[in-house]
Structures are given as structure tokens and as C-alpha cells.
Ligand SMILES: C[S@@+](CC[C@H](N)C(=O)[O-])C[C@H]1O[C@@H](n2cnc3c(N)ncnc32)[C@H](O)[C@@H]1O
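Presented as C-alpha cells, the chain that follows is alone, the form predicted alone.
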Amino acid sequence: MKRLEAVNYAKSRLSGLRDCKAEAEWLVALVIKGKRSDIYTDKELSSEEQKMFLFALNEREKGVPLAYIFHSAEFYGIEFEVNNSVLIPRPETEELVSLALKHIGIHESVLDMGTGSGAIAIAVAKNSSARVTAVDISKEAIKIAKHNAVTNNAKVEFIISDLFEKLDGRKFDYIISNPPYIDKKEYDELDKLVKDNEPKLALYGGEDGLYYYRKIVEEAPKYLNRGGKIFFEIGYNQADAVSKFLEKDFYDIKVQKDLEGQERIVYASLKDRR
């Protein structure tokens, strides 16, 4: 089977998906370990590639995301291993990292709260001189994150912890978090592709989707150095609520929109309580 034939065959098998053309192109590109531009040729798939192609196509047809089939996702120009113990890194989270990096100074300390695959922590460590610590309640997630740090030569300290539980006495210059923020109604109506594959622990933020913001904001002042900052990724309709939570102990509260025009990031500075 030629690469172009494989694309067309995959497209016909995945016709029920919203963007079957892109799905088919990415599937073949991942099979050949190349770019989407490499697939439009008459080059034959090797026997191993053809075997992988048919396996991947069957899995994708069952509803398994490509990132989980190939155990790989790109984030901030870095390749991450992923499985169904961790959330697949999203492009909008790259905007959270980019904004935080504009603020992080030389050798400052950063806490990534709820690290999952380690995407935020590793991207920050690779693109700054920051001392990075990352926590997650999931042992499986921390295992994946540690592996990703090693394969990407990133120096990150990983701790299994329920939020700040294992950080007693530690302080940081920055806290960055993309916590679970999907509320009950939205979770019940979530796309089957996400709901059936990605971990609920990394998605569900309680009845109103705000549980983790409340908890983190309440405890964060004890774990931030003087002048410390906090950065959150938020759901499209959560900016006002998260900003309100921050008002007690934080100032200079700002909201930033993502490239799609949705309010996506809330960040603020710790008030000086001297």
C-alpha cells in the first residue's frame, strides 16, 4: 500500500469523525514517523508500517485518540510520552507556559500544581533557568512525568502529593496550574473521545468546575515567596469566578484570552502582608 492510498483508505474508514481528512493524514504521518507533508507521495509503506497502520486505524476507529495509540504528543516543541493515565497536552496550555516564561526570572523557583505528563514543568525547565518542582496526586502520572523529564533532559523535582500536602515549609516564586476544571453538566455531555479515554481525575473539577481553584487559591499564600505570582489555565467561562477567589490575597489580577479569543488564563501577584 502506498502512503497516499493509506491516507484515502483511512479517510474512508474514519468518515464519521469531524475532521476525518486531518485524522487520516496525522495517522499516516505518525506511522511513517514523518510530517504531514511527507505522506503525499507514491512511496510504499514497509511491511512493518502497513501492520502499524492497520492496527492504529482499528484503534482510532474504536475511538482511541492518536496520542494514546502512538503513546506520543508534542507540546511546546517537545515530544512527550502519554498514556491514559495522563491528559493529552493541549495547544492552549502552551499559551499558559509562554505567558509564565515572560515573567520568570533567573534561577527563580516554580511549582507546577497537577503536572500530569509533566508538560508544563518540563517546558518551563527547558526554556528557563528556573528551579522546577511538580506535584500530582497520581502515582501513574508522576511515573510518566519522570520518564518524560529523563528523555527530554529536563531537571524537574517530582513529588506525589494531594495539592500542597507534601510541601510543608516549601515556598516558591511562582505557582502554575492547569487544574481539572470541567463541571458536572459539561462532563456528562463531554465528547465521547475525551470522556472514554482521558482520566476523569485530570478533567473533573467538581459540581461547578471550581473545586481545585478554591483549594489552590486558599492555600497558595503559604507556599509563595514575597512578591510571588500564580498562573491558572481556566475554562472559557471561569475568569470572573477565579478572579474573585484571588481578590482576598492577591492583586494585579489579570485575564488573558487565547488565540481563539476565549478567556483562558488568570494570573495575579501575592499581596504584601508585612
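For every residue, the number given is its place in the sequence shown, counted from 1. Just so it is clear, the structure is predicted and the values come from calculations on it, not from any experiment.
Below, we turn to the form predicted together with this ligand, even though it does not appear here.
Asker: Within 4.5 Å, heavy atoms only: does Y223 come near this ligand in the predicted complex?
Answerer: Because no heavy atom of Y223 falls inside 4.5 Å of this ligand in the predicted complex, the answer is no.
Asker: Heavy atom to heavy atom, is I137 within 4.5 Å of this ligand in the predicted complex?
Answerer: Judged by the heavy-atom cut-off of 4.5 Å, I137 is in contact with this ligand in the predicted complex.
Asker: Would N178 count as a contact of this ligand in the predicted complex, using a 4.5 angstroms cut-off between non-hydrogen atoms?
Answerer: Heavy-atom contact with this ligand at 4.5 Å: present for N178.
Asker: Give a yes/no on whether T151 approaches this ligand to within 4.5 Å in the predicted complex, heavy atoms considered.
Answerer: No - in the predicted complex, heavy atoms of T151 and this ligand never come within 4.5 Å of each other.
Asker: If we take heavy atoms and a 4.5 Å cut-off, which stretch out of 143-151, 189-197, 103-111, 129-137 is in contact with this ligand in the predicted complex?
Answerer: Only one stretch passes the 4.5 Å heavy-atom test: 129-137.
Asker: May I ask you to choose, among L167, A202, A73, A125, the residue with a heavy atom within 4.5 Å of this ligand in the predicted complex?
Answerer: Of L167, A202, A73, A125, the residue with a heavy atom within 4.5 Å of this ligand in the predicted complex is A202.
Asker: Note that this ligand is not shown here; using its position in the predicted complex, name the residues of 139-167 with a heavy atom within 4.5 Å of it, in sequence order.
Answerer: Result: S161, D162, L163.
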